[in-house]
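Shown next as structure tokens: one chain only, the form predicted alone.
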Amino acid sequence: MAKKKDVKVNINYDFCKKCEICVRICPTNVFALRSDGYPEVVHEEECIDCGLCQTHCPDFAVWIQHNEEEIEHPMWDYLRRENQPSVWCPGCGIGIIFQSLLRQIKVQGIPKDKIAFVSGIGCTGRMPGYADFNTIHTTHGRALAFATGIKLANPELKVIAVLGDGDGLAIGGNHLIHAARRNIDITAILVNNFNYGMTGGQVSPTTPEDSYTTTSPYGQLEPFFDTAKLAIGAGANFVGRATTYHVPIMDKLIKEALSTKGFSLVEVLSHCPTYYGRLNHIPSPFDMLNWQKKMVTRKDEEGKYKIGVLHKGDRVSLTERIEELKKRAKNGK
């Protein structure tokens, strides 16, 4: 691959949490670790502008600059910077998903004041607090219930709900089923890190069989929910799955989900090095990213998670049906 001589690699040390992902993911060894654990740029001339360091940095701390004007991270205008750095653990995959979502909102040119960003409780629930949109942090498991009310009250808004696997499939499972059944025009992003990361790493509805959590020290014995099959069976118009390793696939799925009329869901398999990774002998964020490569497939393969577009439907959304009903009512029909 040709080297890119005209790029500058930037690090914001106020945001960096020393997760080492940028150092280990770079294919040309642009970075090295300092004695204090922070990364530093040592071979900028070797940068090939692949973007892996930028897209896989969970904390918006690394970016590639192509001209003199790009002195800030390209997503900083979409952040409440006064709330940075985030409270997420070093290397947490949620920040990678958050950056992907912001990137697609920017690509599609969705005005910030036309977005309603909703979450429940949990590690993922922190996300709207860092986004410079209309945001609401709701009660545990109820993000989709609040999102439904917002969409019905103001159909012009682009309503996005982010859910954790516990928040979305345990206490909030009923709301997920009925949001998909109603096919209301909401984009849901479900972060599946296989455990309750905020409250101590307990077993969740998506914890894989035979893996370990703080409440399944001898291995998880129960079958797990297949989020995608659940959403498809309930009637969602679009369902996709990606991982925090496969960022280009995640970008494409979120872009399509945002463009879909009706209920769309993107499940992202995310790494949680602090609890799930440590208890399953993968404590490094970078090693967990590589672990994801082995657990997924683009085909139907027993024992692996299929990623990509899993379902596309063409049902008329509830939002459209309600608007049509309003027109008929105004015309006395």
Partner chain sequence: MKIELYQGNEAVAYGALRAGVSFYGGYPITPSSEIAEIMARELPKRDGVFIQMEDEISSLAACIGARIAGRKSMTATSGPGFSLMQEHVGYAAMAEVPVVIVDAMRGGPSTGLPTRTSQGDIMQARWGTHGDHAVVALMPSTVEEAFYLTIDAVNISERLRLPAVVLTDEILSHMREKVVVDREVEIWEREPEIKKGERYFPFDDDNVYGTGIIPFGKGQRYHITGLVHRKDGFPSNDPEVAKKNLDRFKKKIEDNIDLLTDIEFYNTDDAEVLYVGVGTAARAVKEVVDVLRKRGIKIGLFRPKIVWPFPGHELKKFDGKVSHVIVPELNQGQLVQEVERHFKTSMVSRLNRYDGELFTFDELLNGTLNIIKS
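Positions refer to the first chain, counted from 1. None of these values were measured; they are calculated from a predicted model.
Unshown form predicted in complex with the partner chain; subsequent notes refer to it.
Checking 98-106, 249-257, 134-142, 202-210 against the partner chain in the model of the complex, the stretch whose residues place heavy atoms within 4.5 Å of it is 134-142. Contact annotation for the candidate site: 149, 178 and 318 all lie close to the partner chain in the model of the complex (heavy atom within 4.5 Å). In the model of the complex, the partner chain lies within 4.5 Å of some heavy atom of residue 157.
Contact annotation for residue 169: none of its heavy atoms lies within 4.5 Å of the partner chain in the model of the complex.
Residue contact with the partner chain in the model of the complex: residue 112 places a heavy atom within 4.5 Å of it.
Although the partner is absent here, residue 83 is a contact residue: one of its heavy atoms lies within 4.5 angstroms of the partner chain in the model of the complex.
Between the partner chain and the residues 75, 89, 232, 116, the one pair within 4.5 Å by heavy atoms in the model of the complex involves 116.
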